[in-house]
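A single chain comes next, written as structure tokens; it is the form predicted on its own.
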Amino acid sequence: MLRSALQAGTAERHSVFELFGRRLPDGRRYGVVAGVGRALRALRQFRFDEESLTFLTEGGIVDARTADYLDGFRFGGQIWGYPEGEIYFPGSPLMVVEGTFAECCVLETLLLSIYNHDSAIASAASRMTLAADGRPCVEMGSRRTHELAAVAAARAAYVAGFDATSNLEAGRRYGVPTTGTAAHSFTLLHHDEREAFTAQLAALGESTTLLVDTYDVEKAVRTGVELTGGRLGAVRLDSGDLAALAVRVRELLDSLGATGTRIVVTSDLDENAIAALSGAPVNSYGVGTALVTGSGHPTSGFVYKLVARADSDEPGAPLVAVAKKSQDKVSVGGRKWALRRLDADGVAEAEVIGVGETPVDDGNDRPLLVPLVRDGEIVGEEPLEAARRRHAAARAELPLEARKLSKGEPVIPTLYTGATAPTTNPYASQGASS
């Protein structure tokens, strides 16, 4: 597209692109925006070096003119977007990218790959932390996904309420709190659990977490309590009927005087398994595979579409709305603005999207789009903790139905306003993603 637009003389035409999702993953009631900070960081470093340009030219992918354009590429336009941690719904304009067609076009895969992955993980993580109902959740999925995706997943999970990760690179790069436990191999290395636990306690102290289900759970618990004089930090259960086992272990710990010893459970947990353990004496959850694969929805299904362009190549030419009309893949043309409509009690009622004009705030609504890039300068970076707090606040605004894990429709409707707006949400029953 870039090569053709440069040759046709349309590459510099003023354009507005929009990143959005036509629908939520099947059955989900809300989604979570994640990856904003990573996308801005990637944009700052987005360059075509000599090695890349050689590959593109020698492979016949670009011609000399296109290579010259890419050689000096710097995005110089404007980007607005939902801030990280915010909730989204079908049709929400998560990112609005404005500039020349060429510079906006080049960013498509960069932005979609980050947003689609990170938002999928954060959306799953939010359901899990809701199900945990205040009990800490630890991300432990690094061994179940690509090594680079694991770092991004840990970050996204933290935005959506997870308390820590076992991924040390996520701690180094993003400041996500880190924690971990021993594996069964450490116990199997030794002659018995007493020897293994003694070694672990000597290195890490009594606050450590002992894995107690390698051989005999009751014997292991008794050994751990004995070695610490009842001051053991935690035990981890990783197999069997976790609910029943947690009850037995809690009773045993209390009978031995280890009332402060916590119970951590792992073993292929997802939001439904966490919810099923709500009545069990579990103190925290370690979640791996389901989290880093989006709990059945590894992508958010976001798309990146041209929604407005200049009427001509003349400077200052007016913008005209453009949209796809393909069956099952329609898009809503026009520059968008968005707000979250709240009732008198501060509970979300609707996602209101203005087409070609800002929607009217009835007094207590929240505007959703914030500046991320201004004239090519990144202005929207913020600490990860800010995104984490934002998510907690935005989720708390949702109606109680948002807490349901059963399949259902989005918890609030998406409404369009403006002279050129559609009268109904065209994405309400859309199943396609491209």
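Since the model is a prediction, treat every value here as computed from it, not as a measurement. Residue numbers run from 1 along the displayed sequence.
Note that the form predicted in complex with a further copy of the same chain isn't included here; everything after this is about it.
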Note to self: At 4.5 Å between heavy atoms, only one of the stretches 400-408, 368-376, 50-58, 382-390 reaches a further copy of the same chain in the predicted bound form; which one is it?
What the structure shows: 50-58
Margin query: Under a 4.5 angstroms heavy atom criterion, identify the one residue in Asp270, Asp213, Glu98, Asp163 near a further copy of the same chain in the predicted bound form.
Written below: Asp213
Check: Ok, Val360, Ala199, Ala317, Leu256: which has a heavy atom sitting within 4.5 Å of a further copy of the same chain in the predicted bound form?
Finding: Ala199
Checklist line | All of Ala5, Arg172 and Asp311 within 4.5 Å of a further copy of the same chain in the predicted bound form, heavy atom check | finding: yes
Note to self: Would you classify Val352 as touching a further copy of the same chain in the predicted bound form, given a 4.5 Å non-hydrogen atom cut-off?
What the structure shows: no
Margin query: Just checking whether Glu103 would be counted as a contact of a further copy of the same chain in the predicted bound form - the rule being heavy atoms within 4.5 angstroms.
Written below: no
Next item on the list: Answer yes if any heavy atom of Asp71 is within 4.5 Å of a heavy atom of a further copy of the same chain in the predicted bound form; otherwise answer no.
Entry: no
Item checked: Partner contact for Thr414 in the predicted bound form: a further copy of the same chain, 4.5 angstroms, heavy atom -> no
Next item on the list: Select from 276-302 the residues with a non-hydrogen atom within 4.5 Å of a further copy of the same chain in the predicted bound form and write them out in sequence order.
Entry: Thr289, Thr293, Pro298, Thr299, Gly301, Phe302
